[in-house]
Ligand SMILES: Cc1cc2nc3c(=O)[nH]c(=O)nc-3n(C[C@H](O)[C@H](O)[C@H](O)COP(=O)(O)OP(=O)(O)OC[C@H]3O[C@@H](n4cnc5c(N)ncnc54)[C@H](O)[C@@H]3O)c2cc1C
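Shown below, as structure tokens, is a lone chain in the form predicted on its own; questions about how it binds or moves come after it.
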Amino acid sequence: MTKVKNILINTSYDQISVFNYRYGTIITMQPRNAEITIIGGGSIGCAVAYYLAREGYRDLQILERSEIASQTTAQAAGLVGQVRPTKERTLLAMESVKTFSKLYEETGVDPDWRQTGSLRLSLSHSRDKEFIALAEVAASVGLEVEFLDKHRIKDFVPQIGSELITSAIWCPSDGYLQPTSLVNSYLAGAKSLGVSIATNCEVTQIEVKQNTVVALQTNQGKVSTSLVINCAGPWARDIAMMVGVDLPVVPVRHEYFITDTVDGWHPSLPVLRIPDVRLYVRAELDSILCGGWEASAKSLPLNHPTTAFMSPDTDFEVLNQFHTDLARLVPNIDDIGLRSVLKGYPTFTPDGRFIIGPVASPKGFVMAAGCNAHGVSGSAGIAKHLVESLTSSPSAYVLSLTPQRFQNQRTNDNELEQQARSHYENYYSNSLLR
């Protein structure tokens, strides 16, 4: 595998089609022979391309079955939080924030990163104890947080009623971003380092000879490659099955809404997380963006057809419950209408951990999937771990994310799906956060 440390700007690509974004033009080309091929042009695929290119890997291409950042990434709410129950997950999130803060300087394209800070709100004294433990983990790795009593909440968010709140964790370096802007920034940086992009390019077959990946068949022709990195999101299991690898990447439905204009809300307000009612909240300009983690999650079966990834039907019963729970904390929104609803199928795994690194067999097939709703917010940290997984001595944590933990250890599909749904349903439970 070619890896060089000098930075070369590749300007020799023939223009085949053009993907426009806010700040310029990404030139795409037909799929080509490449040493490294990344399948998937969402937040993970583009972050992996950027990180690999920065590390000196050359001859990379991204193949995207639709348009860049048009699938699961486009459905994300863009929240970025670093407070986690383990040191490893906290450090991964901190890596992402560090990257988001310097992407504009590095790539010339703004990821629309707003470092507004965040508040994790407790509505029960049992949750208070959990918050203290989370604050201790944060302090152990150098993440600045502050444990607040209820009387200080309005100093940060005057718009919220504090009567039900018992405490909060304040993290000033958290925030939110626009997912498509983030991908555009990764992509601009990757392209400047020689990465090529082919859109509307669907991989239909992976050719393996002597237990080694050698080529891909696509709807635009066959290309040779020696390393495939599977960043295909909800399609990641389908791609892995092309090389005989069966991984439990479970698509779970997720929904959130954006309200009409709400007095007093503006983009600089902190992100709110309210575990006791399973909600997250942030400003979307002068409106409220609110989503949550359903107590009875809906997932697609592991043997789902590809067409199942079309947007799910809107579940207004679920959204009405989100709105009702939010109204307990935000006065005067009972009669505020909804401007839009966004929904999709982020993927979860049975153990709540990412799937990162090479498979046991065949050689040359690598996973970066099963992001457990952290595909956007954790993209930089996941990309860093992916790069580390390709080295001769990855850390114990990165090794714990290996897809090999699922290979040859399959159980009943219904049980795997239930376990993945459980991690979605308990997303804000301290014992299950990863």
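Please read all numbers here as calculations on a predicted model, not as lab measurements. Residue numbers here begin at 1 and follow the sequence given.
Note that the form predicted in complex with the named molecule isn't included here; everything after this is about it.
- Contact with the named molecule in the predicted complex, judged by any heavy atom within 4.5 Å, is made by just one of Leu52, Ile36, Leu401, Cys371: Cys371.
- Proximity to the named molecule in the predicted complex, defined as a heavy atom within 4.5 Å, holds among Lys191, Arg237, His254, Arg120 only for His254.
- Proximity of Gln30 to the named molecule in the predicted complex falls outside the 4.5 Å heavy atom cutoff.
- In the predicted complex, none of the heavy atoms of Lys384 sits within 4.5 Å of a heavy atom of the named molecule.
- In the predicted complex, at least one heavy atom of Ala77 sits within 4.5 Å of the named molecule.
- Not displayed here, the named molecule is approached by Ser66 to within 4.5 Å at the level of heavy atoms in the predicted complex.
- Note on the interface: of 202-210, 356-364, 262-270, 103-111, the segment with non-hydrogen atoms within 4.5 angstroms of the named molecule in the predicted complex is 202-210.
- Contact residues in stretch 333-361 (any heavy atom within 4.5 Å of the named molecule, taken in the predicted complex) are Leu342, Lys343, Gly344, Tyr345, Pro346.
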